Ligand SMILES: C[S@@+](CC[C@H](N)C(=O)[O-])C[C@H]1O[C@@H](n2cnc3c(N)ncnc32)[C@H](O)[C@@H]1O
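Below sits a lone chain in structure tokens, taken as the form predicted on its own.
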């Protein structure tokens, strides 16, 4: 086992240079495959491993990088150590459970075009539900995608295509190594993607997409995995399910959809506080959760839900409210010492207080782990001392 992270070729500050087509061909050659097998079997620190691979020349260096990438890939993909990667492709890849969930919408399609397919991370689950064709501009990634998936992959500029049929698109959102948040800067621009006259369209976008930019016939699905928001997908045409907004929680598959819930009431905290799942918040569906739980908000602009009963729900985590305090460092320190607080879990929304700085300022030395929620209640800064409620599901 190589006990070091992947060391990429020299590129921009802090990042590896892109894999070239010649390097990809070398990796996929018999020489490259043999080098990868040797590198995977090493149990050496970084420098001795590099020295051991020196006789393999360029193939040895690439092999060490590839082995490191494959081990990192296992965090996202169950078979990630069997696939071929570039550093940027791995960073941008979708975790397999999310990609499988997304691909299900195309089940039964006569053919799906995966535009911007990279090394094939999305082609694999798509190919399990329908015939596929991948397209990418980067020749090195095309070569790896063909090897990873066995699917047809075309090296072409998506911005020059006029797609038809069923399409999944992942526009490039990085410029000079930095993520671009303006959809007009993507390649192809989001406006161009949404103008395609296709039967079915899915578009991977950032979870913080501005809904005001989207046509009325587009569904936005925000997906979280294990409580962490992973992506948003725009659905149009035959793959849209009739809702404007959807929050999907994986691995359970629980979904919440926009249903026209009324504007919630705003009141002081009750006995319980719910922290909604991030997908619910990003999909602008907190109002639906409030309605389901017969609850209310502490502040009209803050996504914390309060209620007198902790009704079972998959869409957030309940806490029992032990105490509500006007926020002040002295008062909070005094009350937390009364709880024998030591390790402090800090949750925050609607406040500029930094948790690590707060922990240092409070100087707590007790023996109990205590959770504090820093937020606003009717516009005023408050601190809620809470304790987690055991998981409640319907």
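Residue numbers count along the first chain shown, from 1. Everything numeric in this text was worked out from a predicted model, so none of it was measured.
One more form of this protein exists, namely the form predicted together with the ligand; it is left out here, but the text below deals with it.
Scanning 246, 224, 149, 93 against the ligand in the model of the complex with a 4.5 Å heavy atom cut-off leaves one residue, 93. With the partner omitted from this view, the residue of 276, 295, 121, 202 that lies near the ligand in the model of the complex is 121 [heavy atom within 4.5 Å]. Relative to the ligand in the model of the complex, residues 116, 157 and 172 are all within 4.5 Å by at least one heavy atom.
Look at 303-311, 134-142, 210-218, 232-240: in the model of the complex, residues with non-hydrogen atoms within 4.5 angstroms of the ligand sit in 134-142.
Contact annotation for residue 163: none of its heavy atoms lies within 4.5 Å of the ligand in the model of the complex. Proximity of residue 187 to the ligand in the model of the complex falls within the 4.5 Å heavy atom cutoff.
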